[in-house]
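Read on for two forms of one protein chain; each stands alone as structure tokens, with the labels structure 1 and structure 2.
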Structure 1
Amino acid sequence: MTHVVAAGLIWAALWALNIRLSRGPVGQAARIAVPLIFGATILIVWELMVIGLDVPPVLLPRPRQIGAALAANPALLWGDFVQTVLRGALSGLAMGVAAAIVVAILVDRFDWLRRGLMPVASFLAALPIVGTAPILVMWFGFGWQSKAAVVVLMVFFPMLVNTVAGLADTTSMQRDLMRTYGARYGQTLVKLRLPAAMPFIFNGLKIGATLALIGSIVAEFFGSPTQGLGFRISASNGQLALDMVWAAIVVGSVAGSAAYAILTAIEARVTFWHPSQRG
């Protein structure tokens, strides 16, 4: 019971500290400190509550036990990271994004294609991943190729919709001005439409990066070599090794957060002119 009381006091103290920091001048130090303190608060309270309530590790391991599993299996988790993130998710994301941008340009160029393809794209985007993943694993095998195929399917349609919307995000005055200068479609695309579409494209990329990781992990539940974050979660759960399950989840979460942060940093440099990047 002492641990539970201590958890409550620590939560209250760090919560008050975070509120004070948030209400003060929002500098670079505050931007970094607030999420770090919040994350530390969750870990400390988690640790103390599990000890105080005597929760079995098979139900919920302590953060210290998860950290020990991470420290004890770096080579194993690195191999899982390479298989799931670098081979499956990253390759599928690259192919899905490239295909979506090419198709979006064709849709923007030919109106009949827009009317025919976009409703079909909306239908296919709603297909459940738990239904399509086993089929793609049967088609492409247990290797990373089937995971990349699942990722392409998940990433393609959100990226397509965002890119099409971005290419259309120009005013009639801007388009008329380009025609007045005698610009061809290709010149208008490079000089006007693609730059205007960049905020939408990066929005699709950030959504796609998250979906890519989820798709690659879920696809491994339906068949994979003895490696990968999805395989590790499934196998460790069957062995009741919940510390390894959470360790694999942590690796996936860190990878997803890092990808999102990298894309956000690139977006800030590429779309510095956009109102969303000001202030």
Structure 2
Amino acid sequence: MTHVVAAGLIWAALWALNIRLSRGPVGQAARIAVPLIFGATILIVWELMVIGLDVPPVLLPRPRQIGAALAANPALLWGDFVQTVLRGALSGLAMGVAAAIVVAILVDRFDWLRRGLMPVASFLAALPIVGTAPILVMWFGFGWQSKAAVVVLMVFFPMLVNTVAGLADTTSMQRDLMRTYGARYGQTLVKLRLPAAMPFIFNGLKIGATLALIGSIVAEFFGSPTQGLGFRISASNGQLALDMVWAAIVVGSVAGSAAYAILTAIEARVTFWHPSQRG
């Protein structure tokens, strides 16, 4: 009971602190501190409530148990990370993005293709493509190849739709200028339209990175070697070792956020000319 009361008090105290910090003009430090304090509050309250209410760890482990599981199995989780993120998601993302950009350039070149393919593509982009996982696992086996195949399919359509929209995002003034320079199609593509499409391509990449992680994890639920984040989640779930399940989810979440941060950093360098980057 004391734990529950303590949880309530700590919640109230830290929330009051956040209200104070966010009053008036807010500096850069407070902008970082306030969400961190909020995150810490959630973890502390979670910890205390689980102890106070005697929640069995097979239902909800404490954050410290999850941390202990992370610290105790670094080699195991690193193996899962390599299997799911680097082999499955990353290779699939690379192939899917490359294919989508090539097709997008073709679609952009031939208007007939745009009218035929784009309605189909934007329809397919909204479908639960991850459902193809059981079929692709059957075709490509339990290894990372089947995960990469699922990721390619999931990433391809959103990436295609974004890139095509990006390639069309030049003004007639800019295109006219290229024509007065006597630029050929290839030159216009490389010097004007692909750079102009970059903000859209990065938008597609950010969506695709999350989808790639989801695809490779969910595909492992349909069959995997004894390694991988999805395997770890479903296997530890079966053993009711929920601290390991959470540890695997933490690894996946860190990978997703890191991918997003890396893409944002690259985007800032590539599209430095774009109004959203000049701020």
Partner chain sequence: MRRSVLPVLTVLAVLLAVWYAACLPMNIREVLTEAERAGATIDPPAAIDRRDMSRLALALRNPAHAGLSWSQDRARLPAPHQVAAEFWQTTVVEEGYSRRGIVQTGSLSNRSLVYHAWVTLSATAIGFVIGAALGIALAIGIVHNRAMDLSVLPWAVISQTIPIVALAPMVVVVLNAVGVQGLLPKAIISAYLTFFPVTVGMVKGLRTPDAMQLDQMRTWSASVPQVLWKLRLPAAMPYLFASLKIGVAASLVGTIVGELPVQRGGLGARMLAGSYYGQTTQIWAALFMAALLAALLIWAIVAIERRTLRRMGVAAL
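Quick caveat: nothing in here was measured; it's all calculated off a predicted structure. For the two forms, the rigid core is made up of the largest set of C-alpha atoms that agree within 1.5 Å on superposition. Every residue number counts along structure 1's sequence, beginning with 1.
By the stated condition, namely the form predicted on its own, the first structure is the one that fits. Hinge annotation between structure 1 and structure 2, restricted to G39, T226, G238, G131, points to G131 (rigid-part boundary). Rigid-body analysis on C-alpha atoms gives a rotation of 8° for the smaller part relative to the larger between structure 1 and structure 2.
Taking the core as reference, the Cα of A16 moves 4.1 angstrom between structure 1 and structure 2. Relative to the superposed core, S122 has its Cα moved 2.6 Å between structure 1 and structure 2.
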